[in-house]
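Read the single chain below, which is given as structure tokens and is the form predicted on its own.
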């Protein structure tokens, strides 16, 4: 059976006009595939009555004051409503469908409420629906424990639900529908020359998501890569072909891949940098930071000097640990991280030189750097972020 999984984001299902577009997309898929599985997010964004952040506002966002199972009952409500409403719309169009919670869909997780990990997916119920030509409309972002307690998968969990369902049922393709045309070479709010990418690798889009972009959750990319299933990011409200995410089998000879060393410029705001001089028991110090839920972003360790960045909202916790160890430190606030991403940069000399030259040409101070096989990231002052994105976009001829 040829299967496709289609996931629709909150803006896609938030309005009647949006749902009409969704219905047509599902109808088109039904005419091409033997089976269609649909995943939905909660309707709309903050302010919309059933959006997740709106639901959280009912308890003033103090979710930690709830029992874990209560928190997940609240968080899962929006997706459940979406699944029932969309299934109703499909039935009105004479398309057989059935709304399912994550529990009914057989998504079994561990007991880590509000950020659960999927252990396995029980397939019998959905297989039975597919054999009867019924479209399962599954509430994304949610599952159940082995003893049938509701769980949620963390922010972006609906994307992950779609990828996991696709893997479990050996789907040919996952389509992620949102309100943008695809993954872009940079944030268009910062760079007028940004354009939609036709194609990008799993590794690159994972790095883009990990570096701050919010088009798709990195967990979904991990699952799709593991399963070898292509992902396509599409706009519910336009006919744009979107961005295909797949493996670069041979980017040196594949003429369908753009001949660009750098694929995208990503960024992350709300960074702070701590600099420490002198001797330090690194093992104990960084363990204490982890215990205080301080996640390290960029880190450089030298015999008598350490510098690391974390998010602005962890400043108090990080400072308390530094005082606990009686450490003198310097703190730079109002930082941003700008990251150039490109799987094809591996082994290519001169990439860092171009980055440094481009940033220096605009008098942008580089506070710290880090790199991997597919990324080079620079910490800068956040006031320079827009200039940095634009000059790097131009430097690597991404227009």
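Model, not experiment: these values are computed from the prediction. Residue numbers count along the first chain shown, from 1. Note that the rigid core is defined as the largest set of C-alphas that superpose within 1.5 Å between two forms.
We do not show the form predicted in complex with a small molecule, though everything after this point is about it.
Interface residue among 76, 109, 309, 264, judged by heavy atoms within 4.5 Å of the small molecule in the predicted complex: 264. Here is the short version: of 27, 61, 357, 45, the single residue with a heavy atom within 4.5 Å of the small molecule in the predicted complex is 45. At a distance threshold of 4.5 angstroms between non-hydrogen atoms, residue 182 is in contact with the small molecule in the predicted complex. The small molecule in the predicted complex comes within 4.5 Å of a heavy atom belonging to residue 186.
Using a 4.5 Å cutoff between non-hydrogen atoms, residue 240 does not count as a contact of the small molecule in the predicted complex. By the criterion of a heavy atom within 4.5 Å, residue 260 is excluded from the residues contacting the small molecule in the predicted complex.
Here the chain stands alone, but in the predicted complex its contact with the small molecule, taken as any heavy atom within 4.5 Å, falls in 171-179 among 301-309, 320-328, 117-125, 171-179. Once the rigid core is overlaid between the shown form and the other one, residue 144 does not reach a Cα shift of 2 Å, moving by less than that.
After superposing the rigid core, the C-alpha of residue 265 moves by 2 Å or more between the shown form and the other one. Superposition on the rigid core between the shown form and the other one places the CA atom of residue 13 less than 2 Å from its counterpart.
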